[in-house]
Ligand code: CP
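A single chain, nothing else alongside it, follows as structure tokens in the form predicted alone.
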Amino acid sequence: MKNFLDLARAGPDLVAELVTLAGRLQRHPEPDALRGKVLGLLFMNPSLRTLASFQSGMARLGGDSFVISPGSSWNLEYLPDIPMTGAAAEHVREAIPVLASYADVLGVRAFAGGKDLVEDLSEPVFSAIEGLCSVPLINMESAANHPCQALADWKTMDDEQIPKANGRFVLSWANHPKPLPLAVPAAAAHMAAMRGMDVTVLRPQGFGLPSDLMQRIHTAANQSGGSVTETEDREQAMDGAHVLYAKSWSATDVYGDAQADRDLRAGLTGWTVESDWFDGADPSCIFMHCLPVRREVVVTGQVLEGPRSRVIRQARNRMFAQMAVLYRLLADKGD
């Protein structure tokens, strides 16, 4: 494994190996595995779990890390061949090689611009930097992908013994006061499809995932023996569900139009996850969310703190999943 940018590029066999390795490192720590190694973390956007879990995971493996975060460095430009007369004082063409020279592995987070759907789906930042990085590169969330979260979610479902074949995974849009990126919902649905589950994308009119992302999800399902459907019918979606994964995202029909997005979501306050959403689900159905989450908006406190919720375990599994990625990139001599 040279980089960790996308579960699809890793493939299901390697993903399964990483999940197994994450469990092994959880049960049997190796505090000297990465002694002398340095992890560089470049955050172009804010973070809580990603920052803390990577630093903690690297420390548990015996390595060190440094962090470049919003406000701690120059703004970075990534577009090629443009006069840099705006806020950006440094270009990724200089910044990435320099940071890579200080580190043995480099993680980067760069959110979507949220204005041009075609541009965001092209992953402009990672497309600009991948060829500039001389050390292994980790996607800590890009415009349309979040493989670290997806890997942790796969581990969480394995921990819970959620079935793969015939397992029912519901990705549901949820109420939120503002448009959010597509990265987590796209990665979660793709991960469940790779796992071989029957995936249902539950969303209101205007909030369907873009066709390019849905095609990736369908391709993964076809290869694994799973299935993919979309619906606005909550009762149909939740019938026999084993997992309800809630997440808000931008209205793709009016992507980049903030007022039109607000108008669409204004009438969708009923999309707050409540206990009665689980009435037709499998008795063991669990609730998942990547966090941060707005209580009594996205989901009620009763669900968040109830017996179905796995949000804290998901967050903790971020650390173990990322430890597995770091171990495979830096300590594993099998490649």
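Only a predicted model underlies this, so the values are computations on that prediction, with no experimental measurement involved. Sequential numbering from 1, following the sequence displayed.
Quick note: we don't show the form predicted together with phosphoric acid mono(formamide)ester (CP), though the next part is all about it.
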| query | finding |
| --- | --- |
| 4.5 angstroms heavy atom contact with phosphoric acid mono(formamide)ester (CP) in the predicted complex for Leu61 | no |
| Heavy atom of Ser47 within 4.5 Å of phosphoric acid mono(formamide)ester (CP) in the predicted complex | yes |
| Phosphoric acid mono(formamide)ester (CP) contact at Gln149 in the predicted complex, heavy atom, 4.5 Å | yes |
| Residue contact check: Gly301 to phosphoric acid mono(formamide)ester (CP) in the predicted complex, 4.5 Å heavy atom | no |
| Segment that reaches phosphoric acid mono(formamide)ester (CP) in the predicted complex - one of 263-271, 303-311, 289-297, 27-35, heavy atoms within 4.5 Å | 289-297 |
| Contact residue in the predicted complex, chosen from Arg109, Arg216, His176, His242 - any heavy atom within 4.5 Å of phosphoric acid mono(formamide)ester (CP) | Arg109 |
| Residues in 230-251 with any heavy atom within 4.5 Å of phosphoric acid mono(formamide)ester (CP) in the predicted complex | none |
